[in-house]
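The form predicted alone is given below as one chain in structure tokens.
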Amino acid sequence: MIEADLVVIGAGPAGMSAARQAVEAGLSVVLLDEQKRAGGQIYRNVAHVSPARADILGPDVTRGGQLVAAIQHPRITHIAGASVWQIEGGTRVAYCVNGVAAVASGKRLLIATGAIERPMPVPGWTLPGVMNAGAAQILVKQSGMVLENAVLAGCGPLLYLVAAQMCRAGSPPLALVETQSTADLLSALRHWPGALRGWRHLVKGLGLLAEIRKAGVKRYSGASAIAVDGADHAEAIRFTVRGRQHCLSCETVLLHHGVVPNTQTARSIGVPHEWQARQRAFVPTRDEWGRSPQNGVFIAGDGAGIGGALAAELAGAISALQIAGDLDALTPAQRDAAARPLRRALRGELALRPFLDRAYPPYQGALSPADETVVCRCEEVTAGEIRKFAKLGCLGPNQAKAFGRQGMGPCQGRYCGLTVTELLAAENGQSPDVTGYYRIRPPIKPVTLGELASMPATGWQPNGKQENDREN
């Protein structure tokens, strides 16, 4: 068993920043991450990006490289390729690396698991050739592959970033099919004063749009009735704009309508969550330092609410300062003095979020899919079946598992959970908070019997008692 003052799960911006801040305060850190290299999704493989690929990805690569370099410290034990599958006692973490199980124990635990793309279930989204826009980014970052003959559909800043990167690589998308409308933009203008505080991000966004326009990429906005056509693979995308139907032939469709907090790890140890209407997602309960109601457990970054890479970096550092204070490595005065400029910068980073959230709301057609649309890909459960379960008296996602097994496949509900909650809430006329979410139990990620057998004799209880929660 590896022991340290702080165990961090996730080596993205929040996790890396927290680890560095903690060691600067004199703490020891174990940094666990599922990827082979630090950086998270936003800075994936950043330390090994070639100059040509860096030109495609843009200037954010520099910031990511600095964070990765900063965790090269003798008091930071970075364990790459570590799949965390259970947390016991708040701060003891079981993980597997290369088929061997191990345990890391800390006086405090920071969960920095980041975000996942919001699922966008539309007709045909399970066809080969349809993937999330983030997957296209991973191909570029990890292996330098750029997709051809692709249409990007959905909404949000990531669509513009991916489209611009494809243009830089010499393979511009065939079109952008955007679901946000002029009414959404006008409604967002009431948040304009806050948006101006985030002017750097606005300038960056306008620059991306200029690149897309220069490459001659066609943009359709206010799209609805989106569907992907094809027999055994994607062949075209259909949609409607202002009453006119369109059909674009393509080999690849990249879907995206925002990101949401990855809450599985926090939920597995009973951290309470609440529905955030503005981002249409659940967020964990925590205080201004990231401290959760679970003793010794902190949560920072996009896993605590979507704010972006720089906001996550700042939040991770703030949590680390409080952790250092808890462990008497910093006095309250030292902690507060160090946190003050970080909080100021964090407020500036988050000022733009209300504008973006209102200007680019999630696509309603995917939040409430047509009955025949598959919402749980693992178990092939449709939206119509979820609505039928509600009519039979099903009130929440956990109860719904007994009806249709959604949420019980390999992803354990990561990609259908929010859709199931939204469908049941709408059908039963109750709020998402009342409807609830899947109960997450260990193992958080699949673990083999061989890996369990390899566990060291540390008194670990892989079947430790889990506190019961709602039965919905």
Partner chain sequence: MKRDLAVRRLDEPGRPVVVRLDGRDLELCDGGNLAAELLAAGIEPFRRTPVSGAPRNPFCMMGACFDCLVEIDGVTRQACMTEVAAGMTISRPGAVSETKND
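Here the structure is a predicted model, which is why all the values come from computation and not from measurement. Residue numbers count along the first chain shown, from 1.
The protein also exists as the form predicted in complex with the partner chain; that form is not presented, and the subsequent description refers to it.
Picking from 438-446, 425-433, 61-69, 23-31 the stretch near the partner chain in the predicted bound form, with a 4.5 Å limit on heavy atoms, gives 438-446.
In the predicted bound form, no heavy atom of Asn295 sits within 4.5 Å of the partner chain.
In the predicted bound form, the partner chain sits within 4.5 Å of a heavy atom of Met145. Taking the partner from elsewhere, Phe403 is found to have every heavy atom lying beyond 4.5 Å of the partner chain in the predicted bound form. Contact check for His233: a heavy atom falls within 4.5 Å of the partner chain in the predicted bound form. With the partner omitted from this view, the residue of Leu158, Leu321, Ala115, Cys394 that lies near the partner chain in the predicted bound form is Ala115 [heavy atom within 4.5 Å].
Contact annotation: of the candidates Ala345, Ala390, Cys378, Val283, the single residue with a non-hydrogen atom within 4.5 angstroms of the partner chain in the predicted bound form is Cys378. The three residues Leu186, Ile226 and Gly365 each lack any heavy atom within 4.5 Å of the partner chain in the predicted bound form. If you take 47-84 and check each residue for a heavy atom within 4.5 Å of the partner chain in the predicted bound form, you get Ser50, Arg53, Ile56, in sequence order.
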